[in-house]
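Next up is one chain by itself, shown in structure tokens, the form predicted on its own.
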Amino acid sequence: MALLTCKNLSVGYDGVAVASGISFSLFSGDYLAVIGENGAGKTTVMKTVLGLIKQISGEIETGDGLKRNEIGYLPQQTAVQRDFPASVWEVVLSGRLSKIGLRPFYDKEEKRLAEDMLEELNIAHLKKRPYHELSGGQQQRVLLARALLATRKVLLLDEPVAGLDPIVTTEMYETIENLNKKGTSVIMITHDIAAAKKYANKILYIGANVFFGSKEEFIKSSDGKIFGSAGRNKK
């Protein structure tokens, strides 16, 4: 059974669609790359999937025990968010806010999970550091830890390496790949065609046409010819 299924989704703002005809499914262990030109509606589609925006039409279904609030989200950061006045520990723990309900404090198990996440992503040494003092790559790892503390089932990443240098970019991609290999399903919005080709097993292309299928099927498609040539140029 699919974790997430979207059927003929139309999304936008104030009833005006920015993307239509979006259909795809995500199964356990999938690595789905969402690609397309700027303004095609990639982020709007994913915010709709998260329930942050109401769809204009179409259906969004979850299965295999997944709830909409069990999708970990790593959005693109704004300048204000990069200067957020909190410690690394506070930012990571905030990933549990949707779970604690009316409790005023985090319990021992939640704190243990946060400690484990810091260790897993190699940022335990940053625990007491102010978030705004970190490098871009360190901030992305902190936000990734926060998203994973909310859930290990599905991770939705919006341009997770934007603004990072090549070495940090590679490290981030490898971290995401390792999480996927451990069972976390990944949805990644990206302009990095080479990375989509290397890591993803499925592609959702949003443009003048909409395509969803395996990476291999997309490369052979008419839209995928651009995808394939862009990937070769980056090798």
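Note that the structure is a prediction, hence the values are computed from the model and not measured. Note that residue numbering follows the sequence shown and begins at 1.
The same protein also has a form predicted in complex with a small molecule, omitted here; what follows describes it.
Against the small molecule in the model of the complex, the set Glu90, Lys111 and Met117 makes no contact: no member has a heavy atom within 4.5 Å.
Contact annotation for Asn180: none of its heavy atoms lies within 4.5 Å of the small molecule in the model of the complex. Residue contact with the small molecule in the model of the complex: Thr44 places a heavy atom within 4.5 Å of it. Though the partner is left out of this view, Ile60 does not reach within 4.5 Å of the small molecule in the model of the complex, counting heavy atoms only.
Proximity of Ala40 to the small molecule in the model of the complex: non-hydrogen atoms within 4.5 Å are present. Remark: of stretches 31-39, 170-178, 62-70, 193-201, the one touching the small molecule in the model of the complex is 31-39 (heavy atom within 4.5 Å).
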